[in-house]
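Read the single chain below, which is given as structure tokens and is the form predicted on its own.
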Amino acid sequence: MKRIVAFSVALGLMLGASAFVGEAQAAKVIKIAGMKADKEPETLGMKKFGELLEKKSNGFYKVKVYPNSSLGKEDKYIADNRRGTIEMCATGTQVSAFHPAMAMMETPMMYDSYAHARRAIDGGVFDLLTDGFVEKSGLRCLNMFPLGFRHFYTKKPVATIDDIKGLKLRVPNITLYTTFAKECGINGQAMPFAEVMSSVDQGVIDGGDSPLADITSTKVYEKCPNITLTGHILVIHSLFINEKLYQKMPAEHKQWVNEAAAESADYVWKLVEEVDKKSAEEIKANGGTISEPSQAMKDHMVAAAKRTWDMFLNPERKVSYVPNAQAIFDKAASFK
């Protein structure tokens, strides 16, 4: 009788393992969708993740990267990732539609430098931002990495507070960004980044704000050669994986995914600073100027940012209110 029971248990385990192998084989190819161009830090980070996961799994997982919105725009590939049509994606604050705290990844004037941001994110900000996210979204946030600090690019030099007041600058059509521009006294013009060049030509805008990598990749410095290093917003993106897929993985597979995500984020953190340096050299070599804002302008923008923070702190702002917002601000400030 004992032998029969033992045989039945062993057979059950074998059948269970076979069933998982079948599932794993079906999910062996992992597709990652992103919005950035092929050679930009986000895409390079996704490719690094793929290399690492394939190596750690000894080829068990094959990762295919789809950059430049080749699987659709952000809202589409996020929805596909949630449904499980694709396994992973890279995106930023767009996921705040499910969990408002994720918008705080790009809170204006929260970080003084890459080093400060890295210390804060690794030191607890990541955990505070993502607390409850997976339950609301069906996605697991695996890491956070920078795409660069946003700086002004303008037709005319920007040296004082008066220079930015009333300035017509392109801003992303995101409430956080448009609110901050308004608080700064900027005449924010919400539009897709793809429309910047034609809008500058037509006089619709006087410039905009972007990470240095975006300024050079589009060569917008040819039309707006004055770059002011305000660093007012650090653009943060993450890798996300479908939670149901993640939970089906054996513990060892989850470890491979987690390690690959952490190591690929390390790679991007280092890469972005190198890209900033090369971008600055390109701008200068092509006749552009790069300058630091005055202390008065910095103080003006910090005050404007703190007024913007109300959208997270005020319970009456139901759409954007984040219950643990003050804890996030305090945690970030503690690492300055």
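From 1 onward, residues are counted along the sequence shown. Note that the structure is predicted; figures quoted are calculated from it, not measured. For clarity, a rigid core is taken as the largest C-alpha set superposing within 1.5 Å between two forms.
Note that the form predicted together with a small molecule isn't included here; everything after this is about it.
For the residues P100, G92, G188, G124, the 4.5 Å heavy atom test against the small molecule in the predicted bound form is passed only by G92. When you look in the predicted bound form, the only residue of E74, D80, E183, E243 with a non-hydrogen atom within 4.5 Å of the small molecule is E74.
Residue heavy atoms within 4.5 Å of the small molecule in the predicted bound form occur in exactly one stretch of 111-119, 244-252, 198-206, 167-175, and that stretch is 167-175. In the predicted bound form, the small molecule sits beyond 4.5 Å of every heavy atom of K47.
In the predicted bound form, no heavy atom of C141 sits within 4.5 Å of the small molecule. At least one heavy atom of M35 is located within 4.5 Å of the small molecule in the predicted bound form.
At a distance threshold of 4.5 angstroms between non-hydrogen atoms, H232 is out of contact with the small molecule in the predicted bound form. Once the cores line up, the CA of N173 ends up 2 angstroms or more apart between the shown form and the other one. With the core superposed, G208 shows a C-alpha displacement of at least 2 Å between the shown form and the other one.
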